[in-house]
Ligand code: MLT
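Given as structure tokens, the chain that follows is alone and in the form predicted alone.
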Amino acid sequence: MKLDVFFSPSQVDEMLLREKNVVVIDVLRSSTTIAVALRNGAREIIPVGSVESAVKVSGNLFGDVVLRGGERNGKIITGFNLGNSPKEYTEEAVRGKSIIYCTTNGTAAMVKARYAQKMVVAGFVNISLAVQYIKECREDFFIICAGKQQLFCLEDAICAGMIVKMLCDDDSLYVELNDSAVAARALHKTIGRNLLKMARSSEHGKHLMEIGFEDDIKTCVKIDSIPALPLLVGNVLKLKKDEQKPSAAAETKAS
């Protein structure tokens, strides 16, 4: 198995990702928000690369079952139903809904990987599920950090490094790394011990605290706190089938 880490989507061409296996990481906050939304019963997440695309896609879908969610520079986009805080994506708000989703960094990386053979969205909140998925596939993977405005982003790189470490620690696997994967693993080892402190001190973390989203940072660095692995199916993200949460009605009936 070969793992290639890219610290920014700008480092990889869309055509290079065609028919490849891809993990997209956007720790603050898309990876967490998407996992929360799907875990809380959203029908699907439709990632788009621009506000204009979000408006166009929503015009072709039924209004009552479609929400628009996302942010620009951390704040909700004018005219959208939801921002990018995982706290907004409650079961009451999203169950049964399709969510057209547009963010500054995360969805740009996801759209770039839309022709991948397999694509999953990972963060600290579902990292073990992502690693297990990679192990089950036993194929080469590209790990793409969403970064911040096409630049290196510390929290994404450390998350990538943690994935690399977890895979390399499995004696049943032979793992080959590119230089960026080696660097990501080293970053995780040296400054990834206190994830909350690291995320708060990162550029993006500081920005989120300045605009009132410090609690989101705490949510986004909790290891394995959200048992949901978003998987690309066609051009939408859905919950991996064996992790789908039963509806409230089904839970009541079962009890």
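Numbers follow the displayed sequence, beginning with 1. Quick caveat, the model's predicted, so the values are computed rather than measured.
Only in words, not in the display: the form predicted in complex with this ligand, which the text now covers.
Student: Quick check: do 44, 119 and 239 each get a heavy atom within 4.5 Å of this ligand in the predicted complex?
Tutor: Heavy-atom distance to this ligand in the predicted complex: none of the three under 4.5 Å.
Student: Spot the stretch among 34-42, 223-231, 202-210, 187-195 with residues whose non-hydrogen atoms come within 4.5 Å of this ligand in the predicted complex.
Tutor: Single hit among the candidates: 202-210.
Student: Should residue 103 be classed as touching this ligand in the predicted complex when contacts are defined as heavy atoms within 4.5 Å?
Tutor: Within the cut-off, so yes.
Student: Within 4-37, which residues come within 4.5 Å of this ligand in the predicted complex, counting heavy atoms only?
Tutor: Residues within 4.5 Å: 26, 28, 29, 30.
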